[in-house]
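One chain is shown next in structure tokens, namely the form predicted on its own.
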């Protein structure tokens, strides 16, 4: 099992001769005004968990959108700030966070518009129609160019490796290479890549594909997504595909296409759940929600139409309707973090989930018991881990997901060797976890309900066997293995690298 220390040593050994620059829309540290003071917060993010120690080890630079309401108060004249905040430990590793600023109009067009009304539904087959507006596309181009300028400003004349994150920056690799052809550029696409028939409706498909092929290395979670991408290239632009090598040749340049299933920090999560804070939060929730000895079905999702929350509620309704003996004995504790509420489809989903939960509680409630507890309040990471400890079963019912790290966090947190994972076959994590999880098709509500029944009634011996297997898989394929494999492939790139 690879550890954080192993990763830091690998980064120092392999990347020491180059400046490392990570680019993402979300920043790894955010400054906010809280109680009259400026506070520095680290958002809960698997990506930050993976990349933060690498950037520290290389004394690199992270370029991201400055979104905190106090972000501008702490940066220098070049929009830079050293993170994490300085402590008494003078030897503590730090790096530079370079912030890129956006107007409300730019954020609306680039982020809420083209990225999340266009590319997000296009890449997730959840039957929400993508919306493509020319004005959004122009903002997307402009923001990608501004990020390219920010990256190039930080690089100067140095040799550098640029690691770009996700679908917000499909054009960034091309803009970088146009000005610095010898840069080593890799990108990880964290969401699914759709089949060619789905992708071809995008009005600017050629520009997006050309932007991505400017990378030296392009990563996806699954081989299935890699195959979809290669098929899309084959149909849409002139290029030579080497399917044995998994690469694309265009205009004399090769782009390697690879799959790297992202994961979580198993060791850290497994350790944190034994803390007094997590134990205290678990007891607090148990009392607050009056869980008693009830079998807890846990849902922990962003309020997003790809996550299958309505289907989860419908399956619970079917279960209680068909098996009324469970009334009063089980409860669905659904955490639904509000997300992208500026977009109408997300507002509609929020209303739908509220309505379904209210209907179920009206239909089945008795003697102070209700089948659904719906909470949307923000939780600390310790509170999230506490919820995992209370679950008899964790339900991940995604209609489509690139990976889904909730499933892996839940498994990592169950140090007690108990608990059941109910997992959608349309989540990327199902490829790794299918032997230990109970796999569902969230569109098949009747079978979904029967699977919940199976989870509730499963003998303890089988539960423990399943979770033991799942923990072994996640422990071995942890977040440090993910980024280590990417770094190892980066150093094999043909250009004039290392």
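Just so we're clear, the structure is a prediction, and the values are computed from it rather than from any experiment. Positions refer to the first chain, counted from 1.
Below: the form predicted in complex with ligand GDG, not depicted.
Proximity to ligand GDG in the model of the complex, defined as a heavy atom within 4.5 Å, holds among 286, 190, 177, 253 only for 190. Here is the short version: of 161, 120, 111, 147, the single residue with a heavy atom within 4.5 Å of ligand GDG in the model of the complex is 120. Residue 216 falls outside the set of residues with a heavy atom inside 4.5 Å of ligand GDG in the model of the complex. Residue contact with ligand GDG in the model of the complex: residue 262 places a heavy atom within 4.5 Å of it.
Contact annotation for residue 402: at least one heavy atom lies within 4.5 Å of ligand GDG in the model of the complex. Shown alone here, residue 135 lies farther than 4.5 Å from ligand GDG in the model of the complex, counting heavy atoms only. Heavy atoms within 4.5 Å of ligand GDG in the model of the complex are found in exactly one of 370-378, 197-205, 348-356, 317-325, that being 370-378. Proximity of 307, 337 and 409 to ligand GDG in the model of the complex is complete: all three residues have a non-hydrogen atom within 4.5 angstroms. Contacts between stretch 208-224 and ligand GDG, counted in the model of the complex as any heavy atom lying within 4.5 Å, involve 221 alone.
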